[in-house]
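The same protein chain appears twice below, in two forms, each given on its own as structure tokens and labelled structure 1 and structure 2.
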Structure 1
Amino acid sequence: MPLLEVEDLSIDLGDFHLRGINLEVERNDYLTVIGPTGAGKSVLLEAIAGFYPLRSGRVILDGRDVTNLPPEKRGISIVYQDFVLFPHLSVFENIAFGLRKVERNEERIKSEVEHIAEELRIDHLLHRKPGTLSGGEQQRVAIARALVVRPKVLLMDEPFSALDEKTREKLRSLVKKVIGEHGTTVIHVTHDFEDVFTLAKHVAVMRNGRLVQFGTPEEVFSRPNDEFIADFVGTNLLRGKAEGRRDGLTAIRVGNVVLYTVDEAEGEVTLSLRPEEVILAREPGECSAQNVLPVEVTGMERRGHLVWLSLAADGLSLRAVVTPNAVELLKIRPGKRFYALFKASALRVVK
């Protein structure tokens, strides 16, 4: 039985609606929720937490219908991107705040707070006030406060977005370790795909108040349900026509070129190809890639640690991702020509 079940959940908030959300989250799962701004991701979290009355539907937690219970009775904790700490209380008192509502033994409170603070590496800050801490330290305090009460489900709404890139990386690793040790079930709203690839076991994609795809990161990013999802997650979608099987591979004509996939297909097909599966080389050489295309670089964009490339081949366009080191090593520039290489196992039939 799933730990959390959301059944046909609908909410009316004036000019915004959630409609017919069905979701199951297994115990110890780590679910990331992605989608464009305004898709309803935060509203879904807060509906699960009990902050909004439902127009219809139910929220069932650990076999118990909690639809009509107030937030504090649900066994759910939530962490926001802006920390929401009490500025006049010490770090210790901030962490202990929710715990004091369910635990009266001061020695036990002290022990629990010190333990979670040590796990999150903020035990040396317990005497400090939040205003004297860095953003990363404040967020660790907020996470400690949420975890110390041992929630059945931890909800996190963009918890790393207010932090610099280096701090985000460190906090992701720490949160992954601590969440794993606690066996906590997490639903995490994010715009950052690094959160998905680093932390998630499952991904839910939302659009216009509806859940439009659910699956593992591999399923969602390699086999998006439609063009909107493919564009949102950055997957290349190619349309072609199957030309039969050869040596265990299906030949697909896309534009003026023939590509090969391990998937079986007939007739008109849509293919997906993750940008990170595309390798650029000056010469085709000898490699295991069954697909080798001469391409021209038509655009470049730096995003964090990676560079996104726009490539034009004979009758098709591709996006690829490379490191800045690769850009310098290969002297990649707009207008230059290379070979794009990718395996038949990377080219997947969507429909």
Structure 2
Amino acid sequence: MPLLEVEDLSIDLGDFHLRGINLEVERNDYLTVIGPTGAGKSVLLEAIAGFYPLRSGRVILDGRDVTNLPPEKRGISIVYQDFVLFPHLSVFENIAFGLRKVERNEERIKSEVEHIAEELRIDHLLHRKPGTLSGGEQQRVAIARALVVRPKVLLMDEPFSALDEKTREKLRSLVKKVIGEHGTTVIHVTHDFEDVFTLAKHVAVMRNGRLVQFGTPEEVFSRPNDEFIADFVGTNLLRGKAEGRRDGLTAIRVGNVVLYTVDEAEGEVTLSLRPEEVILAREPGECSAQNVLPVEVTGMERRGHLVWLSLAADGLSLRAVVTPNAVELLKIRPGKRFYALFKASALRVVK
């Protein structure tokens, strides 16, 4: 039995409608929710937490229908993007806040707060006021406060997005460790695919108030349901025609070039290629990649700590992701020509 079931959930919020959401989250699952701004990700989280009246549908938590329970009775904790802490309370009292509602024993409160603070490495800050802490420290306090009550489900709405890159990376791995040790079930809304790749067991994609794809990161990123999702997650979708097997690989004509995939295919096919799988080289040289294409750089965009490239080959275009180091090393600029290399195993047949 799943820990959390969302059945046919619909909500009306002014002009916005969340429609027919069906979702199952297993115990110990880590679900990330992605989608463009305004898709309804935050509304979905808050609906699960119990902040909105439903138009229709049910929320079942741990075998119990909680649809009509107020938020505080659901056993759910929520962590927001901006560190919402009580400024006049110490870090200790901030973490103890929710726990005091269910636990009266002062000794036990003290030991639970100290324990979670130690795990999140904020035990040296317990006497301080939130205003004197860095963003990363404040967010660790918010996560400690959410975890200390041992929620059935932890909801996080872009918990790392207000942090700088280094702090975000550190906190991401710390959260992964602590949540793994606690066996907490998590639903985490994010715009950062790094969160998906490092934390998620499952991904839900939302668009216009609907859930448009659910699966493992591998499924969603390699086999997006449609063009919109492919575009959103940055996966290259290429359309071509299978031309038979050669040396254990399938040859596929795409535009004016022939590409090779390890998958079997016949007739018209759609192929996917993750941008991380594309390597740029000055010379084609000798290498193990089965696909080597001359390309021209047509666009560059810095996103997070990576650089996304648009590449034009003969009759097809590709997206690739490289590091700023690679950009410097190869002097990658729009208008320059390179070779794009990728393995036959990186090119997947979608349908």
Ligand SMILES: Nc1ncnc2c1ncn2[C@@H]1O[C@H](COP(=O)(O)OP(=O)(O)OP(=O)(O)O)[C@@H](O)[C@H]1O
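Since the model is a prediction, treat every value here as computed from it, not as a measurement. Numbers given to residues start at 1 and step along the sequence of structure 1. What we label the rigid core is the largest C-alpha set whose atoms superpose within 1.5 Å from one form to the other.
Remark: structure 1 matches the stated condition (the form predicted alone). Structural comparison between structure 1 and structure 2 after rigid-core fitting shows the C-alpha of Asp12 displaced 2.4 Å.
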